[in-house]
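Here we start with a single chain on its own, the form predicted on its own, put down as structure tokens.
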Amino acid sequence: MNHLFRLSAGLLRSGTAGLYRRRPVPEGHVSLVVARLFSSEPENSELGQLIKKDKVVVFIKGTPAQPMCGFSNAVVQILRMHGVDDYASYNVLEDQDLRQGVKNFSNWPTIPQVYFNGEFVGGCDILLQMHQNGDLVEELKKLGIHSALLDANKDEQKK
């Protein structure tokens, strides 16, 4: 697993990001981290249940069948290339509270967001990097998911 993934995942886990804030908050502003600590428990509890419900959970704009932005489409395509078809997907365009709630929950400002076994992985950029350097195959293996790219590589080597 590469350093960037470990750093991102470690810093962005629920409740830990505030410990690693590098820039001071301007006077008169409320830190998102502090605001998150005071956010309502039911919202965090409901989101916590959603992300733990399935091995792979994605919050995207649109649906896997019809992504409504390029980044969401990239996440769907990466998962598809690896043969990951059984995952929970939530369309944040249908529910603005969900859209903002998941951003607050992960302390990650953008959509899409990807979770493995209830842990925040990152957005499109992180998933793409994991795909490119092979870390995604290893992470899927930890989830008990066999990447279809492994089979494709074996077929190529036989030729």
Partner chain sequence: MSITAESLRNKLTAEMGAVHVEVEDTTTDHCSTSFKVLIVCPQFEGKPLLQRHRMVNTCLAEELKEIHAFEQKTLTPEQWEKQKAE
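Positions refer to the first chain, counted from 1. Small disclaimer: the values here were computed from a predicted structure and weren't measured.
Beyond the structure shown, there is the form predicted in complex with the partner chain, which is absent from this document and is the topic of what follows.
S.K.: Decide yes or no: are 64, 72 and 77 jointly within 4.5 Å of the partner chain in the predicted complex, with each residue judged by its heavy atoms?
M.R.: Not one of the three qualifies.
S.K.: Of the residues 50, 121, 92, 56, which one places a heavy atom within 4.5 Å of the partner chain in the predicted complex?
M.R.: Contact with the partner chain in the predicted complex is made by 121 alone.
S.K.: In the predicted complex, does residue 46 come within 4.5 Å of the partner chain, counting heavy atoms only?
M.R.: Answer no; every heavy atom of residue 46 is more than 4.5 Å from the partner chain in the predicted complex.
S.K.: According to a 4.5 angstroms non-hydrogen atom cut-off, is residue 108 in contact with the partner chain in the predicted complex?
M.R.: Contact check for residue 108: yes, within 4.5 Å of the partner chain in the predicted complex.
S.K.: Under a 4.5 Å heavy atom criterion, is residue 98 part of the interface with the partner chain in the predicted complex?
M.R.: Although the partner chain is absent here, residue 98 would stay clear of it in the predicted complex, with no heavy atoms inside 4.5 Å.
S.K.: Hey, in the predicted complex, does residue 117 get a heavy atom within 4.5 angstroms of the partner chain?
M.R.: No, no contact at 4.5 Å.
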